[in-house]
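Here we start with a single chain on its own, the form predicted alone, put down as structure tokens.
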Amino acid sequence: MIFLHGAGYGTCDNSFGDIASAMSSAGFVTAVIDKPVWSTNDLTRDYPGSAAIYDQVINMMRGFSNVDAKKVGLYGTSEGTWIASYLVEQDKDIAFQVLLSPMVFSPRHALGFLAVQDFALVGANEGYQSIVRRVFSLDGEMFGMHNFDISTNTPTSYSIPTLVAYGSKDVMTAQVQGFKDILEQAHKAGNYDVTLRSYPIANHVLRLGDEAMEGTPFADTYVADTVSWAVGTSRGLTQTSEKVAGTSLYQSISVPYELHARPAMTTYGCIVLGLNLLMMLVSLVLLIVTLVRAIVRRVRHKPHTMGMNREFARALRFVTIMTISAGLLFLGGFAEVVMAVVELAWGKAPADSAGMMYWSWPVTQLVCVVVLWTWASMFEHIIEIASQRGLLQWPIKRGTWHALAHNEDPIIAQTRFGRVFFWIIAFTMFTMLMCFAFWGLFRFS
């Protein structure tokens, strides 16, 4: 039996020790290797390449004198079940497979389901789900990520005897739809030897307790059930127990099949987010320059002034403070959602009160509306002054052109530095509002 790692960077030393020992005690020759990740990361995994490496280990094991080459099985968990699909397709002599918390669907749909369901379970405001929709609608091909839409849910993937195991506290997998799809694909392949076992209080890796802690035990009779099934299946025995047994499966939402790659949205998002990052850097440099100018002029006992119109200076200050406050509130609320989801995945129960995860979204929306109102008032005032001075008439009078060219009676600031400061900071705050709009903060339905 070959063991396939789930997410992360498991090694032969810290993975599958107890279950591999149990299988060895039952007569299996077991192999656990370091997860073949090479120079990849979580977003650029080479699943077919990983399957080829695991198959090399299988072929090596088939050469052992104490191994029956026709009775080699797989034990895959979580992300490893995607690799198992490629492995079963590549190696037609694999005899059976144990799939622990299989992801079943494409990464886009499986991870989209995980995020949306967990956001709901921890009590996060529904508005934060718009972030999930944006993230999992990205076109990964534009960034060299080719795994978002891999198709491993095929008849070939379940064409051999299969044991599927879920835990009732697993908040990462679509258990109901997942098992239904496994059955459907297996039946298409003519395979009716599919067994389901579900265990109460067990998490994503069928353990009891916090998944982040090492040494937590497996749930109930999971090890005995799995060993018995693998032994009986490898020996060609007839299964006498129920094909489907255990605690009832639960799934709070459906798999978000509507998610798909959106190249135009991805391009727009990159432009908006990239422009905002650039403008924030420019604004930071500008603020440093302003501070240095103020210090130098103070040392030289000269007054430091940008000659900015007081009304516009107050409006700019208000817009900046409110926009940055909205950004910090948004980031703080989202960070709390992420932490709650991580703790939920590790086995911790959701808090009784969602707190900031819920109220931060509508409050941020309210702040954004106030900022927009301030923007509208400020530009209304600029337009009003421009109209009074004849700047909106056509053709513009010669005297008006002369006053505009020589900056006589300026609208915003008397100094060039003051005007540059105003428009750069204002445009930076505007790009932040564009980012808010991209993430769905201006959706009120």
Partner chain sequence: MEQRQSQHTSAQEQAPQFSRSRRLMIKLPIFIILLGILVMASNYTSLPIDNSPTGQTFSTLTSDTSVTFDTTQNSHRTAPTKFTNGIRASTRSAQAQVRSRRSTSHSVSHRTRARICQR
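A quick note: this is a predicted structure, and the numbers were derived from the prediction, not measured. Residue numbers count along the first chain shown, from 1.
Keep in mind that the form predicted in complex with its partner chain is missing from the display, and what follows is about it.
Distance criterion of 4.5 Å from any heavy atom to its partner chain in the predicted bound form singles out Tyr268 from the list Trp346, Phe143, Tyr268, Phe318. Taking Ile412, Val37, Ala31, Ala26 one by one, only a single residue has any non-hydrogen atom within 4.5 Å of its partner chain in the predicted bound form, and it is Ala26. Looking at 292 to 300, 98 to 106, 254 to 262, 334 to 342, the stretch with residues near its partner chain in the predicted bound form, meaning non-hydrogen atoms within 4.5 angstroms, turns out to be 254 to 262. Shown here without its partner, the chain carries Leu183, Val231 and Gly236, all of which come within 4.5 Å of its partner chain in the predicted bound form through at least one heavy atom.
Residue contact with its partner chain in the predicted bound form: Val420 places no heavy atom within 4.5 Å of it. The closest heavy atom approach of Ala426 to its partner chain in the predicted bound form falls outside 4.5 Å. At the 4.5 Å threshold, heavy atoms of Trp359 stay clear of its partner chain in the predicted bound form, well away from it. Proximity of Ile383 to its partner chain in the predicted bound form falls within the 4.5 Å heavy atom cutoff. Residues of 161 to 177 lying near its partner chain in the predicted bound form, listed in sequence order, are Pro161, Val176, Gln177, the criterion being any heavy atom within 4.5 Å.
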